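The chain that follows stands alone, in the form predicted alone, written as structure tokens.
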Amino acid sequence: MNIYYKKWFFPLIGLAFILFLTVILIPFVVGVFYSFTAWKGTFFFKNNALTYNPFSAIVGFDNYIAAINNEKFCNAFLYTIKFTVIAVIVINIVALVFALILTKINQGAGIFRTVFFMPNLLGGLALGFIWKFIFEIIFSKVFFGPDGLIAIDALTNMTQGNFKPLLALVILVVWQMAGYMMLIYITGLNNIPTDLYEAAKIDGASNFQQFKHITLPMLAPAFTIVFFLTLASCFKLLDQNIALTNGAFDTRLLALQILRTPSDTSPPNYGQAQAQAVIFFVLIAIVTLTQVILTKRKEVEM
């Protein structure tokens, strides 16, 4: 078996490396270079002169300065921060509650796990359009509208305005992601030795004390994974944002803002859009790495 692995290791790794190189690494490097140029999509335009040579269209940090001074980009950044903070907290709470409940169920737990996980299998656009129908028809007209079952104005027109779409997007991603994160928490809960709980009960510890001093510390590795996945996913959210509001009412997240930047400028400024994408990448890297370092350090302390 070792001879087989030694023989085929480099050919198999080589194919994966070539795929990674051509699909991810090279486009990323080219994109970073283009962020320093006056790139207009199919040509370069600098000093009122059209050129097809990217090296003669280098503008330095002009695109980055323009991106930072772009009001729409700044609004999208703040909107993304607000959405991510709320979504990550709610997803983790809901997923942990589901996990705690299902670990106590002896019959039918597998069915509930499957049902809770299934929304994660749906594509972002399909999921977004489904929930858009729910918010605009079911919520606004059937249940909570003026002629609905219960008149609750706060739950109508959830895709309009600035704050309501934020809550609508949080509801959507919680419904989509909580089941997946629940499975990670269930795995973590199942790995906690039952002897710890039995010893705590003998010492007279309440359920809350057991949860605080045993469950939470022992779930630290699961917290690290779930926080990383939810942070990265929420920061990069795009399809659901397009389906729900398409950025109307100043509800663009960063990914959608980058996508729409060429259409906001004339001629389309792909260089500035690429600069925003590089800033976006750096932000995600900083946030996720900081989170992993902090939670890993917390694991050691626990």
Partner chain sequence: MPSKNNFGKIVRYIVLIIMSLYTLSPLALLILNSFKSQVEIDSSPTNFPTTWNFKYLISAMKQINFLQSFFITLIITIISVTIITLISSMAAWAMVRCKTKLSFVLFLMFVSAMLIPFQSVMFPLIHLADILNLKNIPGLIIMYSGFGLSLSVFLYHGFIKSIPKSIEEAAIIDGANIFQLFWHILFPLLKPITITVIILNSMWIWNDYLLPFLVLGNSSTKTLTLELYFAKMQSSQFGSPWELIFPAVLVSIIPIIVIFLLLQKHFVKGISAGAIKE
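Between two forms, the rigid core is defined as the largest C-alpha subset superposing within 1.5 Å. Positions refer to the first chain, counted from 1. Computed from a prediction, not measured in an experiment: that's the story for all the values here.
What comes next is about the form predicted together with its partner chain, which does not appear here.
- For the candidate set 234, 66, 57, 277, a heavy atom within 4.5 Å of its partner chain in the predicted bound form is found for exactly one residue, namely 277.
- With the partner removed from view, the residue among 144, 77, 227, 180 that has a non-hydrogen atom within 4.5 Å of its partner chain in the predicted bound form turns out to be 180.
- Proximity of residue 211 to its partner chain in the predicted bound form: non-hydrogen atoms within 4.5 Å are absent; the residue sits far from the partner.
- Although the partner is absent here, residue 90 is not a contact residue: none of its heavy atoms lies within 4.5 angstroms of its partner chain in the predicted bound form.
- Its partner chain in the predicted bound form is not approached by residue 297, whose heavy atoms all lie more than 4.5 angstroms from it.
- Looking at residue 107, you'd find a heavy atom of it within 4.5 angstroms of its partner chain in the predicted bound form.
- The partner is not shown here, but in the predicted bound form the stretch 89-105 reaches within 4.5 angstroms of its partner chain through a heavy atom at 98, 101, 102, 104, 105.
- In this overlay on the rigid core, residue 13 has a C-alpha that sits 2 Å or more away from its partner position between this form and the one not shown.
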